[in-house]
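The form predicted on its own is given below as one chain in structure tokens.
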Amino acid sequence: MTKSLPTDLAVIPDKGVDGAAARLTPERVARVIQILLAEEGGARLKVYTETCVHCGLCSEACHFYLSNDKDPRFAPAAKVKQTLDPMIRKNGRVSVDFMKKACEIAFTECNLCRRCVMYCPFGIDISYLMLFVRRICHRLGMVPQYIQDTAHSHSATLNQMWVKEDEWIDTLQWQEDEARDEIPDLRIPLEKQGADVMYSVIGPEPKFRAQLIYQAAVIMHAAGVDWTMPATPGWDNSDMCMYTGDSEMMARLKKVHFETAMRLKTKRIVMGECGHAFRSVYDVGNRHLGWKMPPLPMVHAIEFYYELFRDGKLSLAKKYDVPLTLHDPCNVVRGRGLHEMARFVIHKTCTTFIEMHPNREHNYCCGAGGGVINCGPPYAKKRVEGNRVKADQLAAAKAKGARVIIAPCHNCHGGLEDIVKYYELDMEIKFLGDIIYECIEKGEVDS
């Protein structure tokens, strides 16, 4: 790719960060850092920060580092040295300007993808350390405005898109009506007690991608699944609070989600195609509530689709015949190991599959699902230019014939759409559900 890289590494203006900085004093900064280091740091933080020998083996794993011409400031270990290390070494006595730069690094120069963990000889989890920096920023009120607005929406309405309760129900009924034009006996069951599956989605689906609910209903109907969706708050499984450092609000949101499923006495939760939401429900939010694992079984859509095809519950009317490639989302591949299940579904439904390289757990991050994309327009150019290596990866797959990218994650869609547009790659992006809906036998069809 030939796009130029940013040369100015100064802090980008942001209302949320700058407004907080104007209200802070060095004394307040030191006090907050000292409290968090004492109360929430613990052995894990100490081992990680004291074990790193700055060998640099993590550097080649980071798409920000690779895309910025291997500028050492973007190496994962260097990000820790520029943020958390001075806070610990100086016992929190750092300046407000230092915190502004630390905030930008933690929120917009690390997407918490955990690729670097795989290459660290000591297994140091840089994403945990960057989340700790974000936690400090949250407690100081210093969070990029766009992602904080999303977190506020979720805290006020229990969904990140400010969808009102009647609007949620109307959307489900609207999608049911649309689907019944195609399949007259289809239903989207609401509030069904004891169903095998509670299907949950993220806020943008009823707001911007309601057709995905339609498609999910058709897949459920074709497979004969006993399922339901809630009519109450608790349906949104997403969680930007996890990425702003607001652990208390994250735990509250996950509690509502779990309790909604338990109120319906469902046997398990099936989540739509979203990576960060899966991370928040399966790996982070449950732990802040004191559960090692979620209180009831839950699976991501990839695993659910795999089960349906494995068990012969879906039949194909045709195969998708446009050459395509697969983006492996960080939060369900490195975070859950669903890469082979995704490929199983693709091989079942598609004729021509072209691998990206590297792939599976080694795939490059989209630059979105760790909250970076949610920090909004002030950082958009920096984000896409900081992922030139992903654009090169996509371009290489396109050169081999791929015309479509499957991305089984909402934030990955957003990140990849920006990359495809910015680098003029002319590739279409689809969900796995898009492909399955197009290819399966749908049962009774209105003549």
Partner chain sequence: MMHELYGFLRGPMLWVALLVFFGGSGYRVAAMWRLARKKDAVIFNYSSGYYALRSIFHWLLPFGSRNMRNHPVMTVVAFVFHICLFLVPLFLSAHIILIKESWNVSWPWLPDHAADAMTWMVVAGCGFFAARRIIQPDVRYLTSTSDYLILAAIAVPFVSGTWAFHQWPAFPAATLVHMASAEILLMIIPFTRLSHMLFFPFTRGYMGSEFGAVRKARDW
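Note that the coordinates shown come from a computational prediction; the quantities given were computed from them, not determined experimentally. Numbering follows the first chain given and starts at 1.
There is another form of this protein, the form predicted together with its partner chain, and it is not shown here; the text below is about that form.
The chain is drawn here without its partner chain; in the predicted bound form, the stretch among 242-250, 200-208, 75-83, 219-227 whose residues come within 4.5 Å of it by any heavy atom is 75-83. Within 4.5 Å of any heavy atom of its partner chain in the predicted bound form lies no heavy atom of Y214. In the predicted bound form, its partner chain lies farther than 4.5 Å from every heavy atom of L296. For the chain shown alone, R334 is a contact residue for its partner chain in the predicted bound form, at least one non-hydrogen atom being within 4.5 angstroms. In the predicted bound form, its partner chain sits within 4.5 Å of a heavy atom of E39. The listed set A395, A30, A380, L57 contains one residue whose heavy atoms approach its partner chain in the predicted bound form to within 4.5 Å, identified as L57. This chain lacks the partner; the member of E182, E165, E355, D283 within 4.5 angstroms of its partner chain in the predicted bound form by a non-hydrogen atom is D283. Applying a 4.5 Å heavy atom cutoff to its partner chain in the predicted bound form picks out R114, V117, M118, Y119, C120, P121, F122, G123, D125, Y128 from 101-134, in order along the sequence.
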